[in-house]
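Single chain ahead, by itself, as structure tokens, in the form predicted alone.
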Amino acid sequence: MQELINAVSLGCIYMLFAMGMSLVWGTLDVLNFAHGSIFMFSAFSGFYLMQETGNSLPLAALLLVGVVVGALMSVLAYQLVLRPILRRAKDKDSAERQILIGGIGLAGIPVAIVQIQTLSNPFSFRAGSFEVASYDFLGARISNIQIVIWVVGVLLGTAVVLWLRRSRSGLALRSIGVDSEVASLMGIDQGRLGVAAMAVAGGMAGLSGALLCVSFGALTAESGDVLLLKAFAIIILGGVGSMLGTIIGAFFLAGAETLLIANTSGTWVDAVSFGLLFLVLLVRPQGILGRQEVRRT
């Protein structure tokens, strides 16, 4: 039961991070390599404010800082770099390559800033004004932080899925992922929806960074790179563009890693992500809930 509680908590954080990345990849066709650095820098912003205010910020304020910083960074990256690339690229293949390179370049800036500020040391804001309490639950221990993670994960995961499937703006955003030219002819404002999608994705990345930092310990400037690789495995496992598949992939990966940590030395944890990625690409390239793409010429 204790391992199950830990796996669900970790899975919620993986889900928030990977859903944001999958959202812009599956709709805007933007593979944002800066997503990991946004995750990390949002958590660092909370740490910096905590230091400036004498460790007096409540948990809600730290989470809000993560959401706002993540959303702003994601929108700025889209408006200043990614969207101009999409406009000026000669074709789709060229745009994908340039976005990939641009995202890698963007990711290096926040990492360098945090490395300078922290001297490449880990940072954490556990010593805040909030108190961590633990409760007995079916013979195991669950903390109030884990309960917050569960509640936030369920609410946001459900909200994003319902937004994409039920709302007009969500359906319009999905139509861009199917055929952007036809969507534009139908009067869909791709610029406005693109900004909204990037803001949601960045906010979820920032929130997951704050939750991971406050619940599982310290982060480093390179922590976003590790989580970015895990998100790739999660999205490929679930199917690119499938929010439900991303949710399943996140909890599957978190469960596998938790079992390894509990029963082994833990040195093979990161290899699980790559192993799942290779296995899915070989057996079912479209993912668990993904659909095979049919192209007619």
Partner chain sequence: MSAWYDAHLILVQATFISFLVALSIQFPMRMGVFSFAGVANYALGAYTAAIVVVRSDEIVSPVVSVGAGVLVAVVVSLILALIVRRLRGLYLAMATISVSLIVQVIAFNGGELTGGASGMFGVISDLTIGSVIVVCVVAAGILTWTERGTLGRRIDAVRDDPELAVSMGINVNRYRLVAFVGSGVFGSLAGGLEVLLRSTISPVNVGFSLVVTALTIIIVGGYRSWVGAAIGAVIVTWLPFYLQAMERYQQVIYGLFVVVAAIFVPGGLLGIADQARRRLVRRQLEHEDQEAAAEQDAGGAAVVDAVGASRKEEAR
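Remember, predicted model here, so these are calculated numbers, not experimental data. Positions refer to the first chain, counted from 1.
Missing here is the form predicted in complex with the partner chain; even so, the following discussion is about that form.
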| query | finding |
| --- | --- |
| 4.5 Å heavy atom contact with the partner chain in the model of the complex for all of W25, Q98 and D225 | yes |
| Listed range touching the partner chain, judged in the model of the complex by heavy atoms within 4.5 Å, from 104 to 112, 166 to 174, 191 to 199, 210 to 218 | 104 to 112 |
| Contact of V240 with the partner chain in the model of the complex (heavy atom, 4.5 Å) | yes |
| 4.5 Å heavy atom contact, Y48 and the partner chain in the model of the complex | no |
| 4.5 angstroms heavy atom contact with the partner chain in the model of the complex for L31 | yes |
| 4.5 Å heavy atom contact, F232 to the partner chain in the model of the complex | yes |
| One residue of V161, V148, A183, V81 in contact with the partner chain, assessed in the model of the complex (non-hydrogen atom, 4.5 angstroms) | V81 |
| Of A140, I116, L155, L76, the one that lies within 4.5 Å of the partner chain in the model of the complex (heavy atoms) | I116 |
